[in-house]
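One chain comes next, on its own, written out as structure tokens in the form predicted on its own.
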């Protein structure tokens, strides 16, 4: 069964498996102890730190291992903010950061601080000068991911880092998605990553803090990992993480080029094979292995289950499912369609024939899901006589409000209005996106007695 969700967790790399098994016999002792077994464990830990630091592009004494990438982000942000508390309590983040960063920003705000979200374009990329404009005299820290985890867009880290450097503000870079493919651009002050994203074992994160960056670890600390990650280290996992990072880096140029070609094939052929599809993310400045597209008139959860039954493990950047009523914050910030969102992220070694089979299966799966949901199978009918129409979609989850809009738009003449009443937050994103895809005019929204009224003018 083809696994196409490497952005969530990459399969364990063979080198990681070998290193893990070997270090189970050699690395079980406490590396802080001075006896023989402890010294042996310490040598393994030091070697792993040196290998990881070389891949990151920092000194070994600037890097510590944490229990996860999320923990690295939380600790990195908290420590940097505390270290610069005399400057202020303001944080700058992009609107498409990982939820761990946004959760840290929310915690800062709840504790009396503040944060600013930097907007992105429809490709998910921050604009030049955007971070400089968001920085304030009381800004203690800025954070920017190296590449987006949902749509694959690569961010201008070097430009943002220079803007932050000019203002005297450290920049934290979340490199979880990109570190397997190469070092992060220069200029960062703090960097985090997660081993299971590149084929290492789960439960190992990296936190690098450049010398000279003010940093005050928060919470109880001990003597381990420079006081920045307390507790007994999972040494076998750390050794496997460092070994696999070195291995994937050696393979990155060749494998990256091969996967980029497969992803380009998906980006080109999906819109030709499946009607009413929007491929999202920057078409050029992107990760080599990841592509995301959204399908009109499709429920994301239903589509993913259908693809799973067809033999393909994929994920969705959209949270518009029956269990979560809010659309993806990334897609929302980009202003793109969130319905029927599919993220395909190819692990190393993905076979070309598996990609071809996915492209063969996808059109039928999407068509089947659309039929189940009663989506329009043909262009809208000719105009009727009513000049204004109200659709009550209250209590209905996406994509039903959009499906009902598509079915009804032909019931008003050109220039007529259709008002959709909906209490689903995803409608705020998906109705304007539908208008853009179908060349209709989105007039705007207004509060309704229940939910929100979304007004569309028929143009074609």
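Numbering follows the first chain given and starts at 1. Predicted model only: the values in this text are computed from it and were never measured.
Keep in mind that the form predicted together with another copy of the chain is not shown, yet the notes after this line are about it.
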Identify, from the list 109, 234, 354, 121, the residue with a heavy atom within 4.5 Å of another copy of the chain in the model of the complex. 234
Listed residue (448, 443, 24, 437) with a non-hydrogen atom within 4.5 angstroms of another copy of the chain in the model of the complex: 24
Given 306-314, 124-132, 287-295, 174-182, the stretch touching another copy of the chain in the model of the complex at heavy atoms within 4.5 Å is 306-314
Another copy of the chain contact in the model of the complex: residue 67, any heavy atom under 4.5 Å: yes
Touches another copy of the chain in the model of the complex: residue 223 (any heavy atom, 4.5 Å): yes
Looking in the model of the complex, any heavy atom of residue 256 within 4.5 Å of another copy of the chain? no
Would residue 104 count as a contact of another copy of the chain in the model of the complex, using a 4.5 angstroms cut-off between non-hydrogen atoms? yes
Taking another copy of the chain in the model of the complex, would 246, 278 and 350 all count as contacting it (heavy atom within 4.5 Å)? no
Between 14-29 and another copy of the chain in the model of the complex, list the residues on our side with a heavy atom within 4.5 Å. 17, 20, 21, 24, 25, 28, 29
